[in-house]
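As structure tokens, the next two blocks hold two forms of the same chain, structure 1 and structure 2.
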Structure 1
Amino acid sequence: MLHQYNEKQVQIIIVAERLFAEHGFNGASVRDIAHGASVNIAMISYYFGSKEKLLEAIFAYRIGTTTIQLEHLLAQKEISTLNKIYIMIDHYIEKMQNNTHFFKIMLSEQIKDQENKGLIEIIFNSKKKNFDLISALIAEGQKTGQFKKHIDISLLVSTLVGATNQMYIGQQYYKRLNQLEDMPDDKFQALFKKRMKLYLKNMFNAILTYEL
């Protein structure tokens, strides 16, 4: 079950997310977070207990938005399963582009020694929930004969996450390789997002369907 955060908690989460991304977990103090969120330190302690628990809340909140999207897609009967997959890809890319602070934290935490056992469980349980929902989407497509049998869903999800992360990290190289350095950043971001979506949709179409 997803945790429901109230408006003040979300406000604190968003400020903490930005500060953790900019200064690192150890570099951002609870005092700085409280000041940025216009609350007192006691309120952060009341809502989250500790800075470590606040970090866990950031992950639960952000990953949970994908869970909500996937549950909504599964409930839609008038949309083809392939189009649901395309919507999922759109959601993930939009989420990455609109939540760069979170993805900086995600990348940072993934290369650490993973001492925060609570965070490890939050991430695993959230990803497992999303994995189960994507598995249900794939099963829906297989039942209708639209998708191939014997899809390795773990690798499929890793393809989406890994490819999108690498595209995001390497976008400056993409810009230089394609001689787009002079393009205004807002136009480049729109073009880059469009190309990422098209590329991943074509890839998933090749992996999942019988279309040639």
Structure 2
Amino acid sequence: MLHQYNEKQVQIIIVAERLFAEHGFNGASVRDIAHGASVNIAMISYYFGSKEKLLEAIFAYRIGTTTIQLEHLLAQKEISTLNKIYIMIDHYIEKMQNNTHFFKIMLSEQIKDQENKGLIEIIFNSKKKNFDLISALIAEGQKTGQFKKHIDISLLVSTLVGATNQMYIGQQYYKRLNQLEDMPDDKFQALFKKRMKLYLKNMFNAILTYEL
């Protein structure tokens, strides 16, 4: 299951991830990836079999390491359910920021009509894990009466994922629409992240607790 990639393979994966994110899967050429990773062109076929398999390798490399730590975090008893939601939001945003490239690829691949069956399964399993994790969390909150009944978990997850992605993708537009173009980029990033977190927490609080 857990592939062990050697140094050069990881090098290739990192570069490929960036180029796939920046130009799309078809827009990034094996040549460019090889050049970016300072390896011979033939190495990509040699190591991964094909360009498609390289994409899968990226998923295998990134997805393996993710959910576990969150699981542990959420298992802790002394934290309130709502705080766990907040932690999850923070966690998601941080993870997205640290894996921008991968998040973009993941989104891109979901948009397309996926010819690649392998990826569909990988993505489904990842979603399933999130779904189960959050289901448990919501159930916990509902049992204590903190959260309202009848919450569509799938749509709730889509809300978190979709809203966050969209915010992140639309960062530059946010800058312009809110006249923050003069702010230096690192300052803006910090401000933006703060606002996102606050906004999403308020939103989830509202969604989960406010009954019409």
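Definition used throughout: the rigid core is the maximal C-alpha set that superposes within 1.5 Å between two forms. The model shown is predicted, which means the values in this text are computed figures rather than measured ones. Start at 1 and count along the sequence of structure 1; that gives the residue numbers used here.
*Asks:* Tell me which of the two structures is the form predicted in complex with the DNA, please.
*Replies:* Only structure 2 fits here, because that chain is the form predicted in complex with the DNA.
*Asks:* Is R31 one of the residues whose Cα moves 2 Å or more between structures 1 and 2, with the core superposed?
*Replies:* After core superposition, the displacement of the R31 C-alpha between structures 1 and 2 reaches the 2 Å mark, so yes.
*Asks:* At a 2 Å cut-off on C-alpha positions, does V10 qualify as shifted between structures 1 and 2 after fitting the rigid core?
*Replies:* The answer is yes; the displacement is at least 2 Å.
*Asks:* Is it true that F20 shifts between structures 1 and 2 by 2 Å or more at the Cα, once the core is aligned?
*Replies:* Comparing the forms between structures 1 and 2, which are aligned on their rigid core, F20 does shift its C-alpha by 2 Å or more.
*Asks:* If the rigid core is lined up, how many Å does the C-alpha atom of L54 shift between structures 1 and 2?
*Replies:* In the core superposition between structures 1 and 2, the C-alpha of L54 moves 4.3 Å.
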